[in-house]
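Have a look below at one chain only, the form predicted alone, in structure tokens format.
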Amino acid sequence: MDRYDVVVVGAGPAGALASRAAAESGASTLLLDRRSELGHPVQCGEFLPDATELADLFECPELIRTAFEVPPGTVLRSTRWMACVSPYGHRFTFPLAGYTVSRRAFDKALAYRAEGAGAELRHPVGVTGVADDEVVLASGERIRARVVIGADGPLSTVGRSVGFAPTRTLFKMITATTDGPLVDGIDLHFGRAAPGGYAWVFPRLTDANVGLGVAELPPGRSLDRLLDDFLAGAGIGPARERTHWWVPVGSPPASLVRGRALFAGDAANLVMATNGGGIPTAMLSGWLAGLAAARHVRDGRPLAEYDPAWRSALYEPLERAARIQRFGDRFARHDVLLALGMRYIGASGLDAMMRLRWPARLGRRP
């Protein structure tokens, strides 16, 4: 039976950073992923804020400098602004520096960096469960692990195996590519385009990433129908390469430690509820999980040290975003109320919400 200090399940941004941190810290590390091609199919809007914008969201500058490294060859287009579009077409624009990336290149680059640091990468390898200190593969093989890191997304097999089930809402998502507008900003559309959620248009190099997400589908509608209607209404061409997926939205859990298992990224419910962004928090939490795992096997430090580390860096902004999202849900399904609310708080208020802050014009925080 193979034995490793740390086994990481899921080679997305969270798993890749966890593996790299653990390997660089001296732990024998195995990174597993079920996909034949890392980063494909694309289950993401592919947008990232730049490091300066991220530092405005989370007060952990040293962690951001260490863990939030975007391989330059994966960047497709730099952007300078965001527009929030109301149900009746009013645009509220504010500065936001970022870029779109190719997830097919991005995920590979991060995983290969982990491999270069000494982690062993295996894929496609399915994991069917975790029992005690063993990871069970789809082939029936069992691998010994002193620590398991669940970075396997919102439907985490590791989480189900160890009873980790954070309270959250799973938003139903669809993403695709189109011959959309190639501009230096990104659009989020609210209201009728995606009732209770939002739709997006993110420019890439020669095409655009488009998609939408909703908590519940309207009666008689499918994600594909919603996307087709949105694109037709926006005057954008037909969608190609469609992928369905989920995003977990809710408050961050009190603890991401279950016995010998740690959780990071979407598997840990660490998503920015006001905008659905999860790549930066996956990278930051993955790095901290990998460090905690390596310190445990190397120095005997308790795995519970992971909780104060990620909570200090991520908890308060994510919890604040969840409160704002719950407040906004009161209006999100009523186009008139939503449009009036967006007009009332204006671009500055929408900017604040995207930065995980309570809009000043709304007065007392919920």
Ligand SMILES: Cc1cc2nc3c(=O)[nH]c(=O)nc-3n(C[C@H](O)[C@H](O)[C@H](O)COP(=O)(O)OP(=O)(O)OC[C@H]3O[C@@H](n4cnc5c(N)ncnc54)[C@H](O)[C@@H]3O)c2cc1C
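Predicted, not measured: the structure shown is a model, and the values here were computed from it. Note that residue numbering follows the sequence shown and begins at 1.
One more form of this protein, predicted in complex with the named molecule, exists but is not displayed; see below.
- Contact check at 4.5 Å (heavy atoms) against the named molecule in the predicted complex: none of Y4, A27 and A145 pass.
- For G126, a non-hydrogen atom is located within 4.5 Å of the named molecule in the predicted complex, even though that partner is not displayed.
- At a distance threshold of 4.5 angstroms between non-hydrogen atoms, A11 is in contact with the named molecule in the predicted complex.
- Of the heavy atoms in F58, none are within 4.5 Å of the named molecule in the predicted complex.
- Although the partner is absent from this view, L32 contacts the named molecule in the predicted complex, with a non-hydrogen atom inside 4.5 angstroms.
- Site annotation in the predicted complex: the residue of A332, C44, A322, L314 reaching within 4.5 Å of the named molecule with a heavy atom is C44.
- Checking G276, G159, G196, P203 against the named molecule in the predicted complex, a heavy atom within 4.5 Å turns up for just one residue: G276.
- Segments offered: 251 to 259, 73 to 81, 277 to 285, 228 to 236. Contacting the named molecule in the predicted complex at heavy atom distances within 4.5 Å is 277 to 285.
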